[in-house]
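What follows is a single chain, given as structure tokens, in the form predicted on its own.
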């Protein structure tokens, strides 16, 4: 996972270790590093930010031994990447749900999660996987079949719900997704179901209508959390999608799917840097259990350590 990005960071460390870190050396090393990041699908803004940080830290640095130099470069890399994560608001989904359950014990309100993203990213499957995860945490769930446009979307989520033994709320194709979401919220209130997970449409070819639709759902159900679902393999495209959804919906967090097949890793590095929103889970396989928490510290360590 993320092999190409790891290689880019490793190459920087090796080049810097065998150079004097003069201005000329730093310029040459960072030029190669920039190219390696771009080839790893890291967004241009991120490439520029990281290399600017490194140039300021490395230029004119005097480090005697090669092993000390390698450690110094790794430290600067870690600091630069951590800086991009530092400004994000941390999201503890399980903790937030349990907190609301406790706070609304007398006048019950479910915790509402809206999933956003274009078609083909694994959004509906991610809804099912999160339902599975929550059930294992003893949190009851109802899902809303809010994609009333894509053929087969309603049946797909209802089949997942049946397998997971959770309630699915659906209407006919062409129905108002906001109405479906509201029905699910009302069902949860009436039956004291802890969490409502709302699937949504992702028709990229009608972007304005799609964003209007998402904004209407947000106004109607006022979700506690809005999660952008992106495909790791889409590279810079998923970063562009995240920027657009953030502009219209100001989502709270992201989930990246197909991360186990992502040899580049650019999306994982770029989305947080560009949007200021945290990645909270990675999809890493084909089964319901294959939704794992994103660990920033482990991610950075895995990219930089040998």
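Everything numeric here is computed off the predicted structure, so don't read it as measured data. Numbering follows the first chain given and starts at 1.
Below, we turn to the form predicted in complex with a small molecule, even though it does not appear here.
Asks: Mind telling me which stretch in 136-144, 90-98, 111-119, 73-81 gets its heavy atoms within 4.5 Å of the small molecule in the predicted complex?
Replies: Single hit among the candidates: 111-119.
Asks: Taking the small molecule as it sits in the predicted complex, is residue 156 in contact with it (heavy atom to heavy atom, 4.5 Å or less)?
Replies: Residue 156: contacts the small molecule in the predicted complex.
Asks: Can any non-hydrogen atom of residue 260 be found within 4.5 angstroms of the small molecule in the predicted complex?
Replies: So residue 260 counts as contacting the small molecule.
Asks: According to a 4.5 angstroms non-hydrogen atom cut-off, is residue 148 in contact with the small molecule in the predicted complex?
Replies: Residue 148 lies outside the contact set for the small molecule.
Asks: Please determine whether residue 226 contacts the small molecule in the predicted complex, using a 4.5 Å cut-off between heavy atoms.
Replies: Judged by the heavy-atom cut-off of 4.5 Å, residue 226 is well away from the small molecule in the predicted complex.
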